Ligand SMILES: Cc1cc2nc3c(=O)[nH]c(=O)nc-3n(C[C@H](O)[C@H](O)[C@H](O)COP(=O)(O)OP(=O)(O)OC[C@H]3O[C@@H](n4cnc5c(N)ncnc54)[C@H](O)[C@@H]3O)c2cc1C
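Just one chain is shown here, as structure tokens, and it is the form predicted on its own.
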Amino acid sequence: MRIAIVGAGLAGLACAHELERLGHRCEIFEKRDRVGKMFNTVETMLEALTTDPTKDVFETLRQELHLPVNPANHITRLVLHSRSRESLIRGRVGYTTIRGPEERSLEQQLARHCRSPIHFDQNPDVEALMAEYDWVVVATGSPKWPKHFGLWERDIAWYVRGANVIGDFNPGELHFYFDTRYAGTGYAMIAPFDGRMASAGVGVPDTTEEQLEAYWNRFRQEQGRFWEQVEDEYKLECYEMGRVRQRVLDNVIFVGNAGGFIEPLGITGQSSSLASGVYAARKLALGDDQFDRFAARWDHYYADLMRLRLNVNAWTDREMERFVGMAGRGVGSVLIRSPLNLLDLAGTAMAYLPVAQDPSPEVGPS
């Protein structure tokens, strides 16, 4: 069986690793000249934003999905900031991970365990590959090919801007800022690589490049006084999220963000992208239905979080103050310790309530 994987990101490498574990080789095509993002960043895997909060996310990745990956840091302190409040949540919050060319990044960890050839600087036509290979796994990280086949339904796009900064950081502590001056109805974040370097950035849903730059400048101006140096700035990145009406089309299967496996509430999707790649490999190699069952569960979860996002899009600083205040009064601790996915339940409840209407958008931070 000849299998082509388009994209050497998390989903593509996870698929290749599982195919090899099951006795199949594949060919991987990557448009860049190396594995991973062009720059190093820190991302999060929060327990509250997993489909099954009863399980440790990295134990699941290693034991159930057989992926040889490790986090950068174990987060035990989550600090939430609003314009005038601050709340601390202690406990099993989740993990940070490194993405990019750095040796500890998830992509580099996976690439070291994959034996299949990776063809760099290659951006092949998927329709041409369909005629040459038995299966084509699309793991491009973008909706380009689902759009091409008329399968994509756009819901939201997140825009990200930030930098790596030097200072004094607690590697086990993560900071989120819910302040309309910094990120509109999105959030700003400081996530450490280690004790001396962290990623600092803003993520804003459905904004403009000018607004994003204004948010980032305000955040950098006010929080940058705690940093010694700013380096490795990364400019505008756009992550379009949506639903794929059909994830298997003839001999093509869509995984990762190309398969709609990134959640829209807070733009997390590392564990779901990895899982989609593994389950796709099992579908191709074993013919089982794990991929289809996972996709069905994900679609329900995604719909619930999208309903939450639509309501959060109408928040002002008053609602953000209340959210951070509630977290400080114990709601946050309940969220991360509950055996139920309370975000999922909240999203389901939103189906029976009217969706809040978005206020008139601001022209950048005031």
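Owing to the predicted nature of the structure, the values given are computational and were not obtained by experimental measurement. For every residue, the number given is its place in the sequence shown, counted from 1.
The discussion below concerns the form predicted together with this ligand, not included here.
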Candidate spot Glu18, Val136 and Leu284, all three in 4.5 Å heavy atom range of this ligand in the predicted complex? no
Might Lys37 be said to contact this ligand in the predicted complex, defining contact as any heavy atom within 4.5 Å? yes
Does the 4.5 Å heavy atom contact test between Leu151 and this ligand in the predicted complex come out positive? no
Does Gly269 make contact with this ligand in the predicted complex, using a 4.5 Å heavy atom cut-off? yes
Would Ser105 sit within 4.5 Å of this ligand in the predicted complex, counting heavy atoms only? no
Tell me which stretch of 22-30, 321-329, 308-316, 63-71 has a heavy atom within 4.5 angstroms of this ligand in the predicted complex. 22-30
Could you tell me which one of Asn170, Gln122, Gln109, Thr76 places a heavy atom within 4.5 Å of this ligand in the predicted complex? Gln122
Using a 4.5 Å cut-off on heavy atoms, which residues of 159-188 contact this ligand in the predicted complex? Val160
